[in-house]
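Here's a solo chain for you in structure tokens, the form predicted on its own.
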Amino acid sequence: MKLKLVAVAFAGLALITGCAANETTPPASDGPETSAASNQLSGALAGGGASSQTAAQEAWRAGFQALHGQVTINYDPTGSGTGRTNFADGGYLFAGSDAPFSVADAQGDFAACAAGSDLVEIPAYISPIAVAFNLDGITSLDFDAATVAAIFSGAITTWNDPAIAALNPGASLPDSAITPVHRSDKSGTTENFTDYLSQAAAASWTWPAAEEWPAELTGEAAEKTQGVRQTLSTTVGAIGYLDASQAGELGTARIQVGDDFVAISAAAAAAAVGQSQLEAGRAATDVVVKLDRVPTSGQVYPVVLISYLVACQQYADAAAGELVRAFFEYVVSPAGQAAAASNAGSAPLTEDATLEPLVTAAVAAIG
């Protein structure tokens, strides 16, 4: 794995974790805490944000609440941008986001956090972004980055365009119009998708990576992942981007990497993370990966998102910190990651021997 770790950050995280361990019962290495104190947890925990996490959150909440029957976890899939805003304002005790806080914003004040607390951001959910479409009789197409960029910028407008036909010899492409579908809300999935286009198709995609779709581009706008899925499902000729767990029966694209076309898979998404780096300039508990969108290996699917869980390293309300830490411990445990993989098709974090220890230590520091 090429993920580059900063030794100073690792040492700092070990120190923070050691302090936290003196104050709380450490989690078991192979799953969530099972001590008597842990099983006596009670209360309600409100969070929300990334709609891409919907299927994973369903599995996490069910698994955690089966272990802790006196705790209620609520997760509102409002979108990544709203999730971060509500967390910063204190409306959520934790958030899900497909885009992390910027380095500068991560050093700000958050309403639920104790004064001077660091931010905790952990890559809890690794998943491909499907380039999905609705065409009668066609379930798979091959695209390169330039063609995807041309479709979503409006430069390619019909399905039988020569650029699409050249990549898909023998496909019965209709001469009908293409309807590109994008997110209408502030979306981390949009930021990941546009980050891919800006890196891999820089010659034809001139817009920067951003959570908001470029206003000057046409197409159908839909709110949240569920809205994109609904629009694609009911519009023949439509194409859009959404978390692969929500693609369902839609057709999906294989993406060109080198001389190969790579299909959606958890393993190929994990490979994209494995060859990337940690982002510099962050606190030890702020574990953010800077994705490389231009791989050369055919085993890597580059249109991938890392969806983060966000929390305070130190909460103003110690009881809230205890609940958040316990929930996050379950999420990153083998059981939690397996539940998400089963329900959402994500790549288990626990299979990443370099990243997983940093995430586990960051969670243990929550208090």
Partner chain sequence: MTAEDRRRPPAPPADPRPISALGRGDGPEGEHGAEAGQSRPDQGLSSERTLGLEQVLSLEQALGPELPSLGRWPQTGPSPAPGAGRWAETTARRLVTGAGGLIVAVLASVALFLLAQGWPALGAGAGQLPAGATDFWSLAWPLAFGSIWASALALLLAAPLATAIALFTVHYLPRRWRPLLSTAIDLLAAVPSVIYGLWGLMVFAPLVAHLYPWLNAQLGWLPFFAGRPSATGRTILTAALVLAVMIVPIIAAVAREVMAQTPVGSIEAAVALGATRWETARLAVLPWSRSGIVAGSMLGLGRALGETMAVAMVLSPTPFWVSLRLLESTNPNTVSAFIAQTFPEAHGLQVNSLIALGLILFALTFVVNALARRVARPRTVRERPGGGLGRRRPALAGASLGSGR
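Numbering follows the first chain given and starts at 1. Small disclaimer: the values here were computed from a predicted structure and weren't measured.
From this point on, the text means the form predicted in complex with the partner chain, which you will not see here.
For Thr72, no non-hydrogen atom is located within 4.5 Å of the partner chain in the predicted bound form, even though that partner is not displayed.
Though the partner is left out of this view, Ala104 does not reach within 4.5 Å of the partner chain in the predicted bound form, counting heavy atoms only. Within 4.5 Å of some heavy atom of the partner chain in the predicted bound form lies at least one heavy atom of Ser184.
In the predicted bound form, the partner chain lies farther than 4.5 Å from every heavy atom of Pro174. With the partner omitted from this view, the residue of Glu279, Glu223, Asp260, Asp142 that lies near the partner chain in the predicted bound form is Glu223 [heavy atom within 4.5 Å]. Note on the partner interface in the predicted bound form: the residue among Ile178, Ala247, Ala88, Ala150 having a heavy atom within 4.5 angstroms of the partner chain is Ile178. Comment: 79 to 87 is the region of 251 to 259, 79 to 87, 198 to 206, 290 to 298 lying near the partner chain in the predicted bound form, near meaning a non-hydrogen atom within 4.5 Å.
The three marked residues, Thr218, Gln230 and Thr235, each reach the partner chain in the predicted bound form, with a heavy atom inside 4.5 Å. Heavy atoms closer than or equal to 4.5 Å to the partner chain in the predicted bound form belong, across 150 to 164, to one residue only: Thr157.
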